[in-house]
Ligand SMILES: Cc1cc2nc3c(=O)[nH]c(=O)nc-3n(C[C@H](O)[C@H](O)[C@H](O)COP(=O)(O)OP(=O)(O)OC[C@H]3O[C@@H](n4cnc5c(N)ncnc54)[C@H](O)[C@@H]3O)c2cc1C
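In the block that follows, a single chain appears as structure tokens, in the form predicted on its own.
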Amino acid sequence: MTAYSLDDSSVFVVIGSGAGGGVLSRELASRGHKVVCLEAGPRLTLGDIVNDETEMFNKLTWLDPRMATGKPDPKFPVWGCKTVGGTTMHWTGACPRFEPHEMRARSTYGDMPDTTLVDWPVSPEDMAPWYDKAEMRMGVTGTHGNPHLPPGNNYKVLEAGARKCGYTDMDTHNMAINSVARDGRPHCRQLGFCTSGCALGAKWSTLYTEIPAAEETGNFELRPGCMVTALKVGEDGRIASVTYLHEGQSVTQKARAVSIAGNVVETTRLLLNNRSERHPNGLANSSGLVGRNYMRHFTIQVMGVMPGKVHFYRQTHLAGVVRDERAHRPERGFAGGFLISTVPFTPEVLAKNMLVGGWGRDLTRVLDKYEYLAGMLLTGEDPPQYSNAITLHPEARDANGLPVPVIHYEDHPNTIAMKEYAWKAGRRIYEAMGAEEIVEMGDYIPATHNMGTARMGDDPRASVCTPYGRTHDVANLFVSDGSLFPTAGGCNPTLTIVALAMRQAEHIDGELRAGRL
């Protein structure tokens, strides 16, 4: 087991072990660089994962206090994970690529009032080979010879209804879930507990892919249960060390360079909370944009009571997608687009969120038909707004003495228009299949697709990081998660986070070898 000295100033410190941090760690370690990965949560094994959503929620979820103003749940605004593997333990495995028009949002959509739309500083052509590498690494179905997952009943209902409505672009999705045994992991058995970890290990998670691979290089040390509290800037303006709490003790690790990959909320908190005379508004925040332009896809649902039993819980959650509405067609009354995917819910989640405020027979007549339910998830693009932001509460502190993050978010009118259209589109699909009853569910699920707050760009006045995720202000400080996204696109973000981390690793490797880091 590799272990580095706290005084070893030649190590590259990665904060977070999820999609960004786990991949970056493996990439750097495999190139011969010494890496220490600090993860706030514990390291579980596959034996710790059980098919019980309630038990796994408590094992995986980041439950430290967070606040919200505006639209989100004020007590649980985002759904992140505090465990080795980060949100790759909770994610669904869906791996769509950004479409070119989504990376050129400003050029394509034009002027959209009250937004900070920009084009990505990385072109779709530049990203293409990194998407290829990420898909091959993760074993994404429907790409590079990996067969699609078999269709479950929920998808069969969606597909049949969608075809009746004239849609044509659909399949069981591009999923980082094994359809056949691969990479030492078994194939999916469609047990239906995708978001509770994966007891089989069929779903790609850095817990049992990137982290063990990094350890095998002999150049990597994982330190779980380590909550980073401070980054110290040296006289030369570079990060000199990282301080963290471990078992109640404050520990400091010297560093050659640092990458923060704590998911958007924690990445933002760490940057904003590190104020000094040199960085009075927080690290890397000379632009004043750290925490700004926070984005989260809308995730609304439509449930349909079908004439026959569907058993929608017996399949891989999101293994079914209709892509036809993803395109930018302004004649619909909004910019950008959305995906229509399959989704199941437990009776408990449906009772809480399906008929909000419902009671008595109005609620139970739908729940009584649980086995007849089909469900779809509608996930749409969210334009960046300066006013949507993550800040730090001036007084409230968590158990570690850190300021509590405050998430402020409101829907843009473009998002509201897209939602209204999406609900109608979903309803038409189930009406075409003869649904006895259709329920439109609101945007109540805590945000799982968190993006923005440290956007990348070429102009230090208009962005926090360079196109390689290196902060403009601190030469040896990087960001390696969804915080980098200048715009959100209309799709799940994890594949893009992985592709960017791989691209970033090549850049860092070159900088290290050239002696510039």
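Worth saying up front: this structure is predicted, and the values here are computed from it rather than measured. One rule holds for the numbers: they count along the sequence shown, beginning at 1.
As for the form predicted together with the named molecule, it is not shown, yet the points below apply to it.
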*Among M227, M433, A389, L117, which has any heavy atom within 4.5 Å of the named molecule in the predicted complex?*
M227
*Taking 4.5 Å between heavy atoms as the contact cutoff, choose which of M127, C81, I438, L289 touches the named molecule in the predicted complex.*
C81
*Have a look at 408-416, 90-98, 326-334, 301-309 and name the one stretch with heavy atoms inside 4.5 Å of the named molecule in the predicted complex.*
90-98
*Consider T379 of the chain shown here, and say whether it contacts the named molecule in the predicted complex, taking contact as heavy atoms within 4.5 Å.*
no
*Partner proximity in the predicted complex: S17 to the named molecule, non-hydrogen atom cutoff 4.5 Å*: yes
*Contact between L270 and the named molecule in the predicted complex at 4.5 Å, heavy atoms?*
yes
*Does the 4.5 Å heavy atom contact test between T487 and the named molecule in the predicted complex come out positive?*
no
*So in the predicted complex, are E159, T342 and Y370 all sitting within 4.5 Å of the named molecule, heavy atoms only?*
no
*Residues within stretch 421-447 having a non-hydrogen atom within 4.5 Å of the named molecule in the predicted complex*: none
